[in-house]
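Here you get one chain, nothing else, as structure tokens; it is the form predicted alone.
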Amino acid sequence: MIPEVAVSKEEQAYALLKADADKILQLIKVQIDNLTMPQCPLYEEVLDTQMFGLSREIDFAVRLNLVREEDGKKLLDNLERELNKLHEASQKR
């Protein structure tokens, strides 16, 4: 039997937000690799929509005191940094 590990609501909330950030990164990787170039309006629209949605999720979790504001900001900053790396790499192709 696998023992159940007690995970706080705060840890669960952060894990869910991190998973959503990872999904956005993966979605953008797929778009860059297979579908569109970063200059494409569709790429920009998807990115803007996804980032806005994640920022609203983070804001909601912060207001519920499930995630610290600094942690939410750090999550967004890390995602933006990774997306910038992807964008720069696609420009070098």
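Worth saying up front: this structure is predicted, and the values here are computed from it rather than measured. The first residue of the sequence shown is number 1, and the count goes up from there.
What comes next is about the form predicted in complex with a further copy of the same chain, which is not displayed.
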Although a further copy of the same chain is absent from this view, report whether residue 12 comes within 4.5 Å of it in the predicted complex, heavy atoms only.
yes
Spell out, yes or no, whether the shortest heavy atom distance between residue 26 and a further copy of the same chain in the predicted complex is within 4.5 Å.
no
Residue contact check: residue 16 to a further copy of the same chain in the predicted complex, 4.5 Å heavy atom:
yes
4.5 Å heavy atom contact, residue 20 to a further copy of the same chain in the predicted complex:
yes
Enumerate the residues of 57-90 that have a non-hydrogen atom within 4.5 Å of a further copy of the same chain in the predicted complex, in sequence order, or give none.
57, 60, 61, 63, 64, 65, 66
